[in-house]
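Single chain ahead, by itself, as structure tokens, in the form predicted on its own.
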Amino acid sequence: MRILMGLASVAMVAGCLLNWDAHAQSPADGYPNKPIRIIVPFAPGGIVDTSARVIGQELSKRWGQQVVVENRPGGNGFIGVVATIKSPADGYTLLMAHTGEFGVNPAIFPDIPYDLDRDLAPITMINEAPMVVVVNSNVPVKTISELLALARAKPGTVGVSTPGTGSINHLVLEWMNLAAGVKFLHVPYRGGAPAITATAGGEVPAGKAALGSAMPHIKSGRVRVLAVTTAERSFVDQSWPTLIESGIPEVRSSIWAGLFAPKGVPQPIIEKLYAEIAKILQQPDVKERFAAGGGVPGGMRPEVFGAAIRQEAASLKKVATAAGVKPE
């Protein structure tokens, strides 16, 4: 009996040592010990690139390792995303992407070379900003209800500018059409700046724009905001109602940027990245940088972020199918 008890004690001690050793050798313990790169599937500038650079700078300060932002534009974001998923799943290559790659692309392209669940691990949303429905200041419309009434009176003739066919702005416009039973005339441009400039100059009576793009024209008084597309009002101006409050409860969307890792990165590294970034997003200076573009910091847990993307993608897919939206 004593021999058995002695052996049991040895086994218990050995088990404790093994557990301690396994914990000591967690993949996150030595992470990071070399530079990290964040791939951005766009040229420098814009919400995705800005988010990557803000987070990269702060992680460098905290961890003492260089974080390099690598811009890989082209192919509707496909190039940057594919480069990420083909990288080693060790936490040293990350992806900063946005609504387009995981909400819009799956909705309008019949086949894309990546899949969120199969190829990537969401870490957290970094930054989120509303789109705004605006009209030229000379248009005698003050509310969404009045704009819808105008569209019903003249179906297919009331122009609304967007950054292009198949953009998130375009899909939300079609979503509005379907939900409200109206038909606006979609007027696509090649980018957000020319689209909102066209509305501000009176070339197109209305527009659906990112708040950051619209801000200079809002401040100058050349366009008037009728509503924001998010579920909550914007801190920029609490007098702007949401589309939900304006009688279109089905429509809610935003332009967000989020951080991802290749599938297979050890969960302890994902958790370490999330915990550090969640702290960074609460820094007053970081909040101020995002606020300059009308955005608010994210910080939701990885599983919550992933669920939110799937829900958004499903909604946009229904809209694109119903409206017959196809890529340019």
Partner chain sequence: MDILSNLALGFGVAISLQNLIYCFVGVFLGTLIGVLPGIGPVATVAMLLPLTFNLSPATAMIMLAGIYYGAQYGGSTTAILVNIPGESSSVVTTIDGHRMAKQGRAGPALGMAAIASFVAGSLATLVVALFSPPLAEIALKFGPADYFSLMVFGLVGAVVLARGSLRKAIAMVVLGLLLGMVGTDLNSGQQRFTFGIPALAEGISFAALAMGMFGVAEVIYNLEQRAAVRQVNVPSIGRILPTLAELWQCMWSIMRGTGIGAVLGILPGGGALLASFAAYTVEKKVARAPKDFGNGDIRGVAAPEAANNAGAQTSFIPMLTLGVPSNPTMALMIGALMIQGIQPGPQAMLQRPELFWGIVASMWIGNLFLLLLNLPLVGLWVRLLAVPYRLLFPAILMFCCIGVYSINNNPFDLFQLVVFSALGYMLLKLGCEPAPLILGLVLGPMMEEYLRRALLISLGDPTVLVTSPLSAFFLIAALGLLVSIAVPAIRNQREVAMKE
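Please read these numbers as outputs of a predicted model, since none were measured by experiment. Residue numbers count along the first chain shown, from 1.
Just so it is clear, the following notes concern the form predicted together with the partner chain, a form of the same protein that is not shown.
Each of Y189, R222 and K326 is positioned with at least one heavy atom within 4.5 Å of the partner chain in the model of the complex. Among Q267, Q65, Q57, Q283, the residue placing a heavy atom within 4.5 Å of the partner chain in the model of the complex is Q57.
Contact with the partner chain in the model of the complex, judged by any heavy atom within 4.5 Å, is made by just one of T230, S246, N177, N76: N76.
Exactly one of the stretches 96-104, 139-147, 117-125, 181-189 approaches the partner chain in the model of the complex with heavy atoms within 4.5 Å, and it is 181-189. Within 4.5 Å of some heavy atom of the partner chain in the model of the complex lies at least one heavy atom of P44.
Contact annotation for R252: none of its heavy atoms lies within 4.5 Å of the partner chain in the model of the complex. Using a 4.5 Å cutoff between non-hydrogen atoms, V135 does not count as a contact of the partner chain in the model of the complex. Using a 4.5 angstroms threshold between heavy atoms, A193 counts as touching the partner chain in the model of the complex.
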